[in-house]
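First comes one chain, alone, set out as C-alpha coordinates in the form predicted alone.
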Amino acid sequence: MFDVLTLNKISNKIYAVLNDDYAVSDNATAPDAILVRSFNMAEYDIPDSLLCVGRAGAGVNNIPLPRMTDKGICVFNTPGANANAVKELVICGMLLACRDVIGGNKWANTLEGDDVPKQVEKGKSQFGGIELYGKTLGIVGFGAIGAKVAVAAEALGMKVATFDPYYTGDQVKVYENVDDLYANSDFISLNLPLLPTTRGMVNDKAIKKMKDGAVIINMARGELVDVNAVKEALDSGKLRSYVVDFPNADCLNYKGIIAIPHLGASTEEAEENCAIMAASQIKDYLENGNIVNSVNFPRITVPRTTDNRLTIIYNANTKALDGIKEALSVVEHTLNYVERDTIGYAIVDTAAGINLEDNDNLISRIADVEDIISIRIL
(Lines give C-alpha, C1' and ligand atoms only; values in the text may rest on other atoms or scores of the structure.)
Protein backbone atom coordinates (compact mmCIF):
# COMPACT_ATOMS: atom_id res chain seq x y z
CA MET A 1 0.00 0.00 0.00
CA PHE A 2 1.31 3.41 -0.97
CA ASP A 3 0.28 6.61 0.83
CA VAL A 4 -0.28 9.67 -1.37
CA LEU A 5 -0.64 13.13 0.18
CA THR A 6 -2.54 15.85 -1.68
CA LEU A 7 -1.47 19.40 -0.85
CA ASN A 8 -4.14 20.91 -3.10
CA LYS A 9 -7.53 19.80 -4.28
CA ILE A 10 -6.89 17.33 -7.08
CA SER A 11 -9.35 16.05 -9.66
CA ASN A 12 -11.08 12.80 -8.73
CA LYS A 13 -9.85 11.45 -12.07
CA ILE A 14 -6.71 10.32 -10.21
CA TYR A 15 -8.72 7.39 -8.84
CA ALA A 16 -8.95 5.95 -12.33
CA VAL A 17 -5.16 5.58 -12.05
CA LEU A 18 -4.48 5.06 -8.35
CA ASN A 19 -6.24 1.82 -7.44
CA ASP A 20 -6.84 0.08 -4.13
CA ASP A 21 -3.10 -0.18 -3.58
CA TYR A 22 -3.05 3.56 -2.92
CA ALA A 23 -4.37 5.50 0.06
CA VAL A 24 -4.93 9.11 -1.02
CA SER A 25 -5.60 11.81 1.55
CA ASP A 26 -4.83 15.38 2.51
CA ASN A 27 -3.47 14.41 5.94
CA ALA A 28 -1.01 11.57 5.37
CA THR A 29 1.88 11.93 7.80
CA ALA A 30 4.33 9.55 6.11
CA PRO A 31 3.52 9.79 2.39
CA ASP A 32 5.35 7.87 -0.31
CA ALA A 33 4.25 10.49 -2.84
CA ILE A 34 2.80 13.98 -2.92
CA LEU A 35 0.42 15.43 -5.49
CA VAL A 36 0.53 19.21 -5.64
CA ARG A 37 -0.72 22.06 -7.79
CA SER A 38 0.01 25.57 -6.49
CA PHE A 39 0.86 24.87 -2.83
CA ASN A 40 4.16 26.58 -1.99
CA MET A 41 6.51 23.91 -0.70
CA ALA A 42 9.44 26.27 -0.11
CA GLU A 43 9.27 25.90 3.66
CA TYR A 44 7.64 22.48 3.63
CA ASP A 45 9.06 19.95 6.09
CA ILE A 46 9.93 17.06 3.78
CA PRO A 47 9.07 13.71 5.41
CA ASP A 48 11.68 10.97 5.36
CA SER A 49 9.18 8.63 3.72
CA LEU A 50 8.78 10.76 0.60
CA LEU A 51 9.93 9.19 -2.67
CA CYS A 52 8.41 11.46 -5.30
CA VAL A 53 6.35 14.58 -5.98
CA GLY A 54 3.87 14.93 -8.83
CA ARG A 55 3.16 18.52 -9.87
CA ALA A 56 -0.19 18.75 -11.67
CA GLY A 57 1.04 21.46 -14.01
CA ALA A 58 4.15 22.51 -15.88
CA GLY A 59 5.84 25.06 -13.64
CA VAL A 60 7.69 23.88 -10.54
CA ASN A 61 8.64 27.21 -8.97
CA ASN A 62 6.64 26.24 -5.88
CA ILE A 63 8.79 23.15 -5.27
CA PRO A 64 12.27 23.37 -3.67
CA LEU A 65 14.11 21.31 -6.27
CA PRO A 66 17.61 21.46 -4.73
CA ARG A 67 16.31 20.11 -1.42
CA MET A 68 14.30 17.43 -3.18
CA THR A 69 17.27 16.37 -5.27
CA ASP A 70 19.61 16.24 -2.29
CA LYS A 71 17.17 13.90 -0.55
CA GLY A 72 16.81 11.68 -3.61
CA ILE A 73 13.20 12.67 -4.25
CA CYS A 74 12.06 12.56 -7.86
CA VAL A 75 9.90 15.53 -8.94
CA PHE A 76 7.54 15.20 -11.90
CA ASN A 77 5.59 17.80 -13.83
CA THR A 78 2.95 17.46 -16.54
CA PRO A 79 4.11 19.33 -19.65
CA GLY A 80 1.46 19.67 -22.32
CA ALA A 81 -1.43 18.46 -20.18
CA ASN A 82 -2.83 21.96 -19.83
CA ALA A 83 -1.51 23.30 -23.15
CA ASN A 84 -4.90 23.63 -24.82
CA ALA A 85 -6.36 25.58 -21.89
CA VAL A 86 -3.45 28.02 -21.85
CA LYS A 87 -3.58 28.33 -25.64
CA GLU A 88 -7.20 29.39 -25.48
CA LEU A 89 -6.44 31.99 -22.82
CA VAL A 90 -3.61 33.39 -24.96
CA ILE A 91 -6.07 33.87 -27.82
CA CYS A 92 -8.59 35.37 -25.39
CA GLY A 93 -5.91 37.73 -24.08
CA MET A 94 -5.09 38.96 -27.57
CA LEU A 95 -8.77 39.60 -28.30
CA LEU A 96 -9.22 41.48 -25.03
CA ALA A 97 -6.14 43.56 -25.76
CA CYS A 98 -7.19 44.66 -29.23
CA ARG A 99 -10.92 45.05 -28.53
CA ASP A 100 -11.82 46.90 -25.30
CA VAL A 101 -14.50 44.43 -24.36
CA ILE A 102 -13.79 44.82 -20.64
CA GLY A 103 -14.08 48.60 -20.71
CA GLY A 104 -17.12 48.46 -22.95
CA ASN A 105 -18.84 45.99 -20.66
CA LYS A 106 -18.21 48.14 -17.59
CA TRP A 107 -19.54 51.23 -19.37
CA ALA A 108 -22.61 49.47 -20.78
CA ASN A 109 -23.61 48.32 -17.32
CA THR A 110 -23.74 51.93 -16.10
CA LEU A 111 -26.40 52.92 -18.63
CA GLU A 112 -29.95 53.58 -17.52
CA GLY A 113 -33.28 54.59 -19.02
CA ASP A 114 -35.47 53.66 -21.94
CA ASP A 115 -32.97 54.95 -24.50
CA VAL A 116 -30.10 52.55 -23.73
CA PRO A 117 -29.82 51.51 -27.41
CA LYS A 118 -29.30 55.15 -28.40
CA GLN A 119 -26.73 55.65 -25.66
CA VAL A 120 -24.90 52.55 -26.85
CA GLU A 121 -24.71 53.83 -30.41
CA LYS A 122 -23.57 57.26 -29.27
CA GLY A 123 -20.88 56.04 -26.89
CA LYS A 124 -19.48 52.94 -28.57
CA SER A 125 -16.77 54.81 -30.49
CA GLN A 126 -14.70 55.20 -27.32
CA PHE A 127 -14.18 51.43 -27.32
CA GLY A 128 -12.95 51.00 -30.87
CA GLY A 129 -10.14 48.57 -31.47
CA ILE A 130 -8.06 46.66 -33.98
CA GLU A 131 -8.30 43.20 -35.53
CA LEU A 132 -6.03 40.21 -35.21
CA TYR A 133 -6.31 39.34 -38.89
CA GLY A 134 -3.12 40.14 -40.78
CA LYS A 135 -1.14 40.97 -37.64
CA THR A 136 2.09 39.22 -36.69
CA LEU A 137 2.31 37.15 -33.52
CA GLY A 138 5.78 36.52 -32.13
CA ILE A 139 5.95 33.52 -29.81
CA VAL A 140 8.85 33.38 -27.38
CA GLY A 141 9.17 29.70 -26.51
CA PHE A 142 7.81 27.15 -28.96
CA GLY A 143 6.93 24.23 -26.73
CA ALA A 144 3.61 22.44 -26.33
CA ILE A 145 1.71 25.67 -25.64
CA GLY A 146 3.53 27.81 -28.19
CA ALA A 147 2.90 25.29 -30.95
CA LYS A 148 -0.84 25.20 -30.21
CA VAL A 149 -1.00 29.00 -30.05
CA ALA A 150 0.64 29.16 -33.48
CA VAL A 151 -1.98 26.90 -35.06
CA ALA A 152 -4.85 28.86 -33.54
CA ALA A 153 -3.35 32.21 -34.51
CA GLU A 154 -2.80 31.14 -38.09
CA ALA A 155 -6.41 29.96 -38.24
CA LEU A 156 -7.40 33.53 -37.31
CA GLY A 157 -5.39 34.88 -40.22
CA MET A 158 -2.33 35.96 -38.27
CA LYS A 159 1.28 35.63 -39.33
CA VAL A 160 3.34 33.70 -36.80
CA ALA A 161 7.02 33.66 -35.92
CA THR A 162 9.00 32.32 -33.00
CA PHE A 163 12.24 32.63 -31.09
CA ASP A 164 13.29 29.42 -29.38
CA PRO A 165 16.91 28.21 -29.40
CA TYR A 166 15.71 24.61 -28.98
CA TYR A 167 13.14 24.60 -31.79
CA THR A 168 14.36 22.98 -34.99
CA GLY A 169 11.10 22.57 -36.90
CA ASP A 170 9.67 24.54 -39.79
CA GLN A 171 6.09 25.11 -38.63
CA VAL A 172 6.59 28.88 -38.45
CA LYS A 173 9.20 31.52 -39.26
CA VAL A 174 12.11 31.29 -36.81
CA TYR A 175 14.17 34.24 -35.62
CA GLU A 176 17.66 33.50 -34.37
CA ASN A 177 17.62 36.64 -32.23
CA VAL A 178 14.77 37.60 -29.89
CA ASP A 179 15.33 41.28 -30.71
CA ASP A 180 14.41 40.59 -34.32
CA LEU A 181 11.19 38.93 -33.17
CA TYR A 182 10.39 41.97 -31.00
CA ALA A 183 10.97 44.35 -33.89
CA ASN A 184 8.63 42.50 -36.25
CA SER A 185 5.74 41.46 -34.00
CA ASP A 186 2.45 43.20 -33.32
CA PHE A 187 1.68 40.75 -30.53
CA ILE A 188 4.28 39.00 -28.38
CA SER A 189 3.31 35.86 -26.45
CA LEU A 190 5.63 34.67 -23.71
CA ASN A 191 5.44 30.87 -23.43
CA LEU A 192 8.63 29.87 -21.67
CA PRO A 193 9.71 28.87 -18.15
CA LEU A 194 11.04 31.20 -15.49
CA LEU A 195 14.79 30.62 -15.24
CA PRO A 196 17.68 32.79 -14.05
CA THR A 197 18.32 33.58 -17.73
CA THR A 198 14.70 34.56 -18.46
CA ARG A 199 13.82 36.47 -15.30
CA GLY A 200 13.12 40.10 -16.21
CA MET A 201 13.87 39.47 -19.89
CA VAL A 202 11.14 41.89 -20.95
CA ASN A 203 12.62 45.12 -19.61
CA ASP A 204 12.99 48.69 -20.84
CA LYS A 205 15.72 47.74 -23.30
CA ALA A 206 13.62 44.91 -24.77
CA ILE A 207 10.51 47.08 -25.02
CA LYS A 208 12.40 49.80 -26.90
CA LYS A 209 13.12 47.24 -29.62
CA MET A 210 9.43 46.40 -30.04
CA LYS A 211 7.06 47.89 -32.59
CA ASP A 212 5.08 50.92 -31.51
CA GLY A 213 1.69 49.81 -30.22
CA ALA A 214 2.80 46.23 -29.54
CA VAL A 215 0.86 43.98 -27.19
CA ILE A 216 2.57 41.66 -24.69
CA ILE A 217 0.74 38.50 -23.60
CA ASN A 218 2.25 36.83 -20.54
CA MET A 219 0.57 33.56 -19.61
CA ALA A 220 3.86 32.04 -18.42
CA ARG A 221 5.27 33.70 -15.29
CA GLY A 222 4.94 37.25 -14.00
CA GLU A 223 8.64 37.53 -13.18
CA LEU A 224 9.54 37.36 -16.86
CA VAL A 225 8.44 40.99 -17.19
CA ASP A 226 9.56 44.23 -15.56
CA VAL A 227 6.16 45.73 -14.76
CA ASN A 228 7.53 49.24 -14.14
CA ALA A 229 9.08 49.25 -17.61
CA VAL A 230 5.73 48.12 -19.04
CA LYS A 231 3.90 50.94 -17.25
CA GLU A 232 6.25 53.55 -18.67
CA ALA A 233 5.77 52.10 -22.14
CA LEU A 234 1.99 52.11 -21.75
CA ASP A 235 2.03 55.73 -20.60
CA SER A 236 4.14 56.79 -23.58
CA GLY A 237 2.07 54.81 -26.06
CA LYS A 238 4.97 52.52 -26.94
CA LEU A 239 2.87 49.55 -25.85
CA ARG A 240 -0.83 49.18 -26.50
CA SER A 241 -1.52 46.64 -23.76
CA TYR A 242 -0.04 44.13 -21.36
CA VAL A 243 -2.06 41.00 -20.54
CA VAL A 244 -0.77 39.00 -17.59
CA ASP A 245 -2.06 35.82 -15.95
CA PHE A 246 0.32 36.22 -12.98
CA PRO A 247 -0.39 39.75 -11.74
CA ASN A 248 1.21 41.33 -8.72
CA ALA A 249 0.06 44.48 -6.91
CA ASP A 250 1.84 46.71 -9.43
CA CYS A 251 -0.34 45.33 -12.24
CA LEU A 252 -3.71 46.13 -10.71
CA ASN A 253 -6.03 48.93 -11.81
CA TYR A 254 -3.59 50.36 -14.32
CA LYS A 255 -4.73 51.58 -17.71
CA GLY A 256 -3.50 49.23 -20.41
CA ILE A 257 -2.86 46.28 -18.11
CA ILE A 258 -5.33 43.40 -18.22
CA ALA A 259 -4.80 41.35 -15.06
CA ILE A 260 -6.11 37.79 -15.12
CA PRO A 261 -6.10 35.80 -11.83
CA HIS A 262 -3.99 32.83 -12.96
CA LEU A 263 -6.69 31.16 -15.03
CA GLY A 264 -4.42 29.63 -17.67
CA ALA A 265 -4.95 26.03 -16.60
CA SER A 266 -8.18 26.59 -14.70
CA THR A 267 -10.48 24.51 -16.83
CA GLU A 268 -12.08 21.23 -15.85
CA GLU A 269 -10.38 19.50 -18.76
CA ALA A 270 -6.89 20.82 -17.96
CA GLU A 271 -7.14 19.99 -14.28
CA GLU A 272 -8.26 16.47 -15.15
CA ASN A 273 -5.50 15.99 -17.72
CA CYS A 274 -2.81 17.22 -15.32
CA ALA A 275 -4.11 15.09 -12.46
CA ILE A 276 -4.22 11.93 -14.58
CA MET A 277 -0.72 12.51 -15.96
CA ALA A 278 0.78 13.30 -12.56
CA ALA A 279 -0.88 10.26 -10.96
CA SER A 280 0.26 7.98 -13.80
CA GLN A 281 3.85 9.16 -13.48
CA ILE A 282 4.09 8.66 -9.72
CA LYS A 283 2.42 5.26 -10.02
CA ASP A 284 4.89 4.04 -12.63
CA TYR A 285 7.74 5.35 -10.51
CA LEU A 286 6.53 3.78 -7.27
CA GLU A 287 5.67 0.41 -8.83
CA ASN A 288 8.27 0.07 -11.59
CA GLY A 289 10.91 2.73 -10.97
CA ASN A 290 10.32 4.30 -14.39
CA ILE A 291 10.85 8.04 -14.80
CA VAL A 292 9.05 10.21 -17.34
CA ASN A 293 8.79 14.02 -17.20
CA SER A 294 10.98 14.51 -14.16
CA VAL A 295 12.47 17.95 -13.72
CA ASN A 296 15.37 16.82 -11.54
CA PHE A 297 15.99 13.15 -12.40
CA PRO A 298 17.03 11.56 -15.71
CA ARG A 299 14.46 9.91 -17.93
CA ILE A 300 14.40 6.11 -18.03
CA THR A 301 11.72 3.52 -18.76
CA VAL A 302 12.56 -0.17 -18.65
CA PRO A 303 9.99 -2.96 -19.16
CA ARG A 304 10.13 -5.44 -16.32
CA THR A 305 11.81 -8.71 -17.27
CA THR A 306 11.58 -10.34 -13.84
CA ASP A 307 9.48 -10.06 -10.70
CA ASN A 308 12.50 -8.80 -8.76
CA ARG A 309 13.56 -5.20 -9.35
CA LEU A 310 15.50 -2.66 -7.40
CA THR A 311 16.35 0.96 -8.12
CA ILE A 312 19.44 2.81 -7.00
CA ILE A 313 19.92 6.56 -6.77
CA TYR A 314 23.55 7.60 -6.61
CA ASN A 315 25.78 10.61 -6.99
CA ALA A 316 26.87 10.92 -10.59
CA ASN A 317 30.41 11.88 -11.58
CA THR A 318 31.79 9.58 -8.89
CA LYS A 319 32.93 5.97 -8.77
CA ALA A 320 29.55 4.88 -7.42
CA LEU A 321 28.52 3.22 -10.66
CA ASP A 322 31.65 1.04 -10.68
CA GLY A 323 30.87 0.03 -7.11
CA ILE A 324 27.29 -0.82 -8.02
CA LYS A 325 28.44 -3.03 -10.88
CA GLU A 326 30.86 -4.84 -8.62
CA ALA A 327 28.19 -5.38 -5.97
CA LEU A 328 25.82 -6.80 -8.58
CA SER A 329 28.42 -9.23 -9.89
CA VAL A 330 27.28 -11.88 -7.40
CA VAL A 331 23.93 -12.40 -9.18
CA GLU A 332 22.66 -12.68 -12.71
CA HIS A 333 21.04 -9.35 -13.51
CA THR A 334 20.15 -6.72 -16.08
CA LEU A 335 21.40 -3.21 -15.31
CA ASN A 336 20.10 -0.03 -16.95
CA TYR A 337 21.32 3.35 -15.79
CA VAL A 338 21.21 7.03 -16.73
CA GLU A 339 22.76 10.18 -15.31
CA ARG A 340 21.67 13.80 -15.25
CA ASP A 341 23.72 16.54 -13.65
CA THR A 342 24.53 15.22 -10.17
CA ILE A 343 21.95 12.41 -10.14
CA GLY A 344 22.62 8.87 -11.30
CA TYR A 345 19.77 6.39 -11.46
CA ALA A 346 19.92 2.64 -12.02
CA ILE A 347 17.26 -0.01 -12.55
CA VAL A 348 18.28 -3.59 -11.82
CA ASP A 349 16.23 -6.67 -12.73
CA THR A 350 17.31 -10.03 -11.38
CA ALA A 351 15.77 -13.49 -11.41
CA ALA A 352 17.27 -14.20 -8.00
CA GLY A 353 15.36 -13.28 -4.85
CA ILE A 354 16.90 -9.97 -3.83
CA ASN A 355 16.66 -10.60 -0.10
CA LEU A 356 17.92 -14.21 -0.09
CA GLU A 357 21.19 -15.10 1.64
CA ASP A 358 22.53 -16.79 -1.49
CA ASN A 359 22.67 -13.33 -3.05
CA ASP A 360 25.60 -12.68 -0.75
CA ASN A 361 23.49 -10.05 1.02
CA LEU A 362 23.09 -8.03 -2.16
CA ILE A 363 21.39 -4.98 -0.64
CA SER A 364 24.11 -4.62 1.98
CA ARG A 365 26.78 -4.91 -0.69
CA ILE A 366 25.21 -2.08 -2.68
CA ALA A 367 24.57 0.02 0.42
CA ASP A 368 28.27 -0.16 1.27
CA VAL A 369 29.17 1.57 -1.99
CA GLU A 370 30.17 5.19 -1.50
CA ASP A 371 27.92 7.94 -2.88
CA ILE A 372 24.74 5.86 -2.84
CA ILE A 373 21.74 8.08 -2.03
CA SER A 374 19.06 5.43 -1.74
CA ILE A 375 18.09 1.87 -2.69
CA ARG A 376 14.55 0.70 -3.19
CA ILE A 377 13.15 -2.81 -3.69
CA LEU A 378 10.11 -2.90 -5.96
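Treat the numbers as computed from the prediction; the structure is a model and nothing was measured. Residues carry their position along the shown sequence, with the first being 1.
There is another form of the same protein, the form predicted together with D-malate; it is not shown, and what comes next is about it.
From the list 48 to 56, 306 to 314, 333 to 341, 25 to 33, the contact stretch for D-malate in the model of the complex under a 4.5 Å heavy atom rule is 48 to 56. Interface residue remark: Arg221 is counted as part of the site for D-malate in the model of the complex, having a heavy atom within 4.5 Å. Among heavy atoms of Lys255, none comes within 4.5 Å of D-malate in the model of the complex. In the model of the complex, at least one heavy atom of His262 sits within 4.5 Å of a heavy atom of D-malate. Not displayed here, D-malate is kept clear of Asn273 by more than 4.5 Å at the level of heavy atoms in the model of the complex. For the candidate set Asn191, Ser185, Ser241, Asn82, a heavy atom within 4.5 Å of D-malate in the model of the complex is found for exactly one residue, namely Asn82.
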